[in-house]
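Below sits a lone chain in structure tokens, taken as the form predicted on its own.
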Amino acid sequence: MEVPLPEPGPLEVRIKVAAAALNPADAAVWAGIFRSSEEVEYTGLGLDAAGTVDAVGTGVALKVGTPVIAFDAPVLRSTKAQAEYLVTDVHSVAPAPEGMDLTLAATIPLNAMTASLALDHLPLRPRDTVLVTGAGGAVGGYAVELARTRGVRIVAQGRPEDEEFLRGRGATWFVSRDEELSEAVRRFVPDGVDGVLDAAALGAPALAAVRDGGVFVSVRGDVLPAPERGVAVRLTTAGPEATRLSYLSALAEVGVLTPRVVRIYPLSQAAEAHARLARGGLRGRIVLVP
């Protein structure tokens, strides 16, 4: 639908969107999990965007024409990233990776921020061990790459066809999602891993792979297992942090992070793109382009 062009207020930026990634959180919005769609005339979709600065409000130093990525965290607003233009808070914006196609760059904000924040909840030191479930997915893949920068040893769980990719991105060991998880992990780490980043939202089966007194971190509050054996259970939620987003963009620029796009749809085919997202099973993000 056509809606009025949003105008930036103080400390806000308007971005001419070049690409917007789809995430499972978008499906939760249009499914009415956050609120009924009947309460408002229309609701925008999209947390991730890449594009160029088109206009700025007072107090913003960014120049018009600057390539940027944005993590537009507020879920319920009338216009969001999956549109021709996005207005968002300046603290939600970072320079785009120099030399990277903006279609790829659009997949960084939410997923890389979530992975980075989740790892901060795991007090891991070099040579400690961490299990990343769903490591072949968007959050899990970034988590493996970021964990490697911290010098920890990584058990990556995923589909059999993910093994080569994950070993290439820093996984020390690989376990298939077809195996019983705790048993498979303990083949490599007999006492259990020091921490788990449960990107696949497995809950209790992933908790069972943690050593006594370890740490379990989930990215979804609806699947948090009950603590046991002295294991701390924590939840990660991502919000706008310009400094962290700039750091992640820089890591992508030098090849430490690997954005993956599996399908590109024009904005006019958004319904088809969201239907494909809902079917799942993709290794990479769907991206909309105006």
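So that there is no doubt, residue numbering starts at 1 and follows the sequence shown. The structure displayed is predicted, hence computed values, not measured ones.
There is another form of this protein, the form predicted together with a small molecule, and it is not shown here; the text below is about that form.
Undergrad: Is Leu119 close enough to touch the small molecule in the predicted complex, meaning at least one heavy atom pair within 4.5 Å?
TA: No, Leu119 stays farther than 4.5 Å from the small molecule in the predicted complex.
Undergrad: May I ask you to check whether Gly134 falls inside a 4.5 Å heavy atom distance of the small molecule in the predicted complex?
TA: Yes, Gly134 sits close enough to the small molecule in the predicted complex that at least one of its heavy atoms falls within 4.5 Å.
Undergrad: Whether Leu257 contacts the small molecule in the predicted complex should be assessed with a 4.5 Å heavy atom distance threshold; does it?
TA: No, Leu257 stays farther than 4.5 Å from the small molecule in the predicted complex.
Undergrad: I'd like to know if Leu110 sits close to the small molecule in the predicted complex, meaning any non-hydrogen atom pair within 4.5 angstroms.
TA: Yes, contact at 4.5 Å.
Undergrad: Have a look at 182-190, 97-105, 121-129, 156-164 and name the one stretch with heavy atoms inside 4.5 Å of the small molecule in the predicted complex.
TA: One stretch meets the cut-off, namely 156-164.
Undergrad: Honest question, do Ala147, Gly151 and Leu248 all end up within 4.5 Å of the small molecule in the predicted complex by heavy atom distance?
TA: Not a single listed residue reaches the small molecule in the predicted complex, so no.
Undergrad: Considering the small molecule in the predicted complex, which of Val93, Val219, Val87, Ala171 comes within 4.5 Å of it through any heavy atom?
TA: When the small molecule is considered in the predicted complex, the option within 4.5 Å is Val219.
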